[in-house]
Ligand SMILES: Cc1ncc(COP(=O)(O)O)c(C=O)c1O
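Below you will find one chain, with nothing else, as structure tokens; this is the form predicted alone, and questions on how it binds or moves follow later.
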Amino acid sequence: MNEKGKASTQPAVHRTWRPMPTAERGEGIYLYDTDGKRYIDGAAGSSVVVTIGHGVQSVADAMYAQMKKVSFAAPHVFSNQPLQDLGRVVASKAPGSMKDNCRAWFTCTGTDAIDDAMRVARQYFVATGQRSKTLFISRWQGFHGNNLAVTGMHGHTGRRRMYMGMNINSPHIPPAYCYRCPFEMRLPDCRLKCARALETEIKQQGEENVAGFFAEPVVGAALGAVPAPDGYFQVIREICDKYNVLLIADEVMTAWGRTGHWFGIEAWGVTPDIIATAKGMTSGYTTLAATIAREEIWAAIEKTGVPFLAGHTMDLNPVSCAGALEVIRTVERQDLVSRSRQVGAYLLEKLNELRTFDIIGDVRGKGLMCGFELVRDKATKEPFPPASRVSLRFQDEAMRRGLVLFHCTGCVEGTAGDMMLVTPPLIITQEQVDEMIAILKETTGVMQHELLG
């Protein structure tokens, strides 16, 4: 049904039942609909995807060149050259001691990459005689994907409720969320209790049962660009090493320059055991994701002679791999990792000007992955009622003014709280940031008047 209660006549199902404009073309940081209206893509494809901007001809050329050679070769029968080349490039960009000491498995989506990270970890522990290790710990107010297995593991209440009872519910610990500290403490007096909660959970579950811990370096859809505090992942790494638990970094949003590093975890100087990544690797030009694991992990699995027990028909696709290679080369040529760090600092500085509005409770981010939180009362941090759908209304108001944002909910106990992600393509200039901020200020003013009078 549409907003008037009548059945929709659209021939395809969208992610919302509400009417949407039809995107016709993209160029740089801009999108244009079929009516000719221009939008700043302030959310990099709505969900932190686009790194190198829209309409880059060299990516289309690289994919077309591969299509003319071979578009599909069954991945259980053939290898392909773009796959091998991409594997080497990914290894060369991997963080810390993973650099040139890892292998990558290429699949279709970020959810697949997370699911396959669980499979890699499980198969590794079976290969090394540690069959009791089956559990994965994650954090509340974290989002890791949308299949049923992953839904039971991630901590986004709104996306879990429908499927409770159908999935395997995993253990969770509180998020690293200083603005609304779940322990009602402050740095440095808290001694990073949010990180130390992992040790408690491992002990309660039994260290012999815990295989891995999942975390986003900067929490995206579930917290609106909240980076972990300094020192957090160092403590997490120590705990994982102590109890033989694999540290799995969800870099589906945060990799490929988004946070000012090739991989977001690099900001903490920590090397994970497994990385799941997607989105920015292809900048949205095609579907591709990767699960990257340390060489030691793959070698143990390979030694058993048992193939990696994962995969879909379209995995390891040569055209997608060719597209990803050209996207990564473009990031290198234009030095977009450094640009993300520099322009991201400017964006965060300008976003902080929104704090003068009564409905802006917090502004946060790292690199060009930024966000802000909307509150009913700034002093008490009281959220708006979920039924008010404030973040969605904010997104709609910005769209009317030609700015695409990504609205998020559930930062308060998984059920309340409104946030906006501001994550433009890495090619954005300071002048274009100013253009975006001007629209944001107009939008915030209108929304504040509407919500508070």
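Note that residue numbering begins at 1 and tracks the sequence as displayed. No experiment lies behind these values; they were computed from the predicted model shown.
Just so it is clear, the following notes concern the form predicted in complex with the named molecule, a form of the same protein that is not shown.
Heavy atoms of residue 252 reach within 4.5 Å of the named molecule in the predicted bound form, making it an interface residue. By the criterion of a heavy atom within 4.5 Å, residue 216 is counted among the residues contacting the named molecule in the predicted bound form. Using a 4.5 angstroms limit between non-hydrogen atoms, residue 109 touches the named molecule in the predicted bound form.
Residue contact check for residue 388: none of its heavy atoms lie within 4.5 Å of the named molecule in the predicted bound form. Just one of 372, 143, 256, 233 comes within 4.5 Å of the named molecule in the predicted bound form, counting any heavy atom, and that one is 143. Annotated contact segment (heavy atom within 4.5 Å of the named molecule in the predicted bound form): 110 to 118, selected among 173 to 181, 110 to 118, 348 to 356, 377 to 385.
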